[in-house]
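First come two forms of one protein chain, each written alone as structure tokens, so that there is a structure 1 and a structure 2.
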Structure 1
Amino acid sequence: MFAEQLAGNLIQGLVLGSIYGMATMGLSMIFGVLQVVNVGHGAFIMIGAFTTMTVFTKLGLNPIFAIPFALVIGMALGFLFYYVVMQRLIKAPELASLLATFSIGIILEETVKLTFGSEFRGFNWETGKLDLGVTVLPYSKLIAAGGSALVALLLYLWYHKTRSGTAVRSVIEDSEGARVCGINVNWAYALSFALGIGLTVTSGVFLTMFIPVGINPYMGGGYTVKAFVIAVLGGLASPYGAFFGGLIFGLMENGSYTILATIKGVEPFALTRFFSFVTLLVILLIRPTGLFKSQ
């Protein structure tokens, strides 16, 4: 019985972990290229969640169609905030960019609150279920996990197989050398920031497919904390390392819940995050740079 429950929760954790990884890739990408820590990360995930809900409930479209909407909205926001705010802070002290991204997150949250209200929302997307014996997975969760894995693969191919991706990697290695070689460094920064935000907003679509309830303007806080943990675990400057870090975190989170539930007098849900963070600390003591190298 315990073995079946553990296996089922680990499968669920693997699916959720792939989405966590996708939700962290944009954070790692922005830090890897611009050396900017986006503390407003969760607010952009929230934008993706509201995009999905609007596409489904207002437009009557399948939530899958929210993916291109979210990517376009995210990249548009990314370019806007880069040229209006972040471009001026590239060489500024780290605290300046931290405060800027925090302020951007607050602006997004309050704007959505004024537009949609502060109440919790959700929707019901019936897609059928896959019975694996030890657990049952709605197809919506499988679609979200598969989409997350596909995005991670496409990002890897973009980095390594395209001229623009190679240009961004050269900026990461040596921005001044890249400038001397004729690469438009400012455009590389803008593209990376916009793509990072686009990925983050798109991840909100996948997260909402997995958990289509609890959508509200302030839902991003918990995801921001998890994203930072996963980013450090996978290697802070590695977007696809973040994806694998998300898989590991999802397995730790769901696996520890099953184990803690067998201990009498223990509230497993309350201690699950504690266990995951302790495990992370142990891993980082062994490998401080994370499990994966940068780009």
Structure 2
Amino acid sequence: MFAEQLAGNLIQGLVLGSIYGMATMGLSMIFGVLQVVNVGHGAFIMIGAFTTMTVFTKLGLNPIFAIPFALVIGMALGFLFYYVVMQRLIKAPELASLLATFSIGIILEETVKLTFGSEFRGFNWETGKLDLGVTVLPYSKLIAAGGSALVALLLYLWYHKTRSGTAVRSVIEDSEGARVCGINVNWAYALSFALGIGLTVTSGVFLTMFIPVGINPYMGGGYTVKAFVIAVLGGLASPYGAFFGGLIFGLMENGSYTILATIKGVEPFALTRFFSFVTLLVILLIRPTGLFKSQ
């Protein structure tokens, strides 16, 4: 009985984990290239959620069609915030970039609140379900998980097979050296920031397929903090590391919840979150390069 429940929850965790992973890749990418922690990360996920809702309820389209909208909106926001704010803070102390990205998050949240209101809004995309015996998975979630894995693969190919991806990688290695070799470092920064934001907003499309309570302008905060844990699992600066970190986090979250729920006198939900932060601290201390990178 317990074993079945655990198996079912772990499968759900793996599916959710792939979305978590994708929702963290943008954060890791931006940190890897610009050394900036995007504290407003969750707000961009929220933008993706509202994009999906608008495409689905106002335009009456399948939520899948929200993906190109989300990517374009995200990259446009990324370029905008990069050129207006972030490029001036590249060499500034952490304090400046942390506060700046937090402020950007607030601007997004408050703008959406003024436009859509602050109450939760739910919408339902009926796709049918896949019954696995131990658990039931709606196809919408499977589509989201598959889409996330596909995005991770596409990012990998972009990094390694294209000119712009190679340029960005060389900037990560050595920005001065890249500059000497004629790479436009500022453009590489801008492109990475925009792509990172684009990925994050797109992940909001996938995440909405998982949220039973609906979406609201302040939904992002929790994801920001989760994304920090996931990013650290993956090494903070590596987007694919983040994807695998997401898988592990999904498994961990659902696994520890299932186990903790059997203990009397504790709140399993809160304790699960507690353990995720313990993991964060332990990894930061003993393996700040993440779980996957040797050295």
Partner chain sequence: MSARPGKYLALIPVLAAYLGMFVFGRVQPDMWQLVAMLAFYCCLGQAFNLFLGMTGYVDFGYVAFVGVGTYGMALTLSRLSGVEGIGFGALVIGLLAAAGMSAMLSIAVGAVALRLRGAYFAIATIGVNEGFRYFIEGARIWNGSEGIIFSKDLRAIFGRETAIALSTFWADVFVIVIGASAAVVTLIYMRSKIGFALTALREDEDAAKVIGIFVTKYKIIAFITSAVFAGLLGATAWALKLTYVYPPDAFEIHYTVEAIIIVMLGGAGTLLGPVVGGLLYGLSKYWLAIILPGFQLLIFAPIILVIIVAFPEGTVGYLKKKVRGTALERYIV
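If you superpose the two forms and keep the largest set of C-alpha atoms that fall within 1.5 Å, you have the rigid core. By convention here, residues take numbers in order along the sequence of structure 1, the first being 1. Here the structure is a predicted model, which means the values were calculated and not measured.
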| item | value |
| --- | --- |
| Structure number, where the criterion is the form predicted in complex with the partner chain | 2 |
| C-alpha of residue 11 off by 2 Å or more between the two structures on rigid core | no |
| Shift of residue 59 between the two structures at or above 2 Å (CA, core fit) | no |
| After superposing on the core, C-alpha shift for residue 284 between the two structures in angstrom | 4.8 |
| Value in Å for the CA shift of residue 265 between the two structures, taken after the core is superposed | 3.0 |
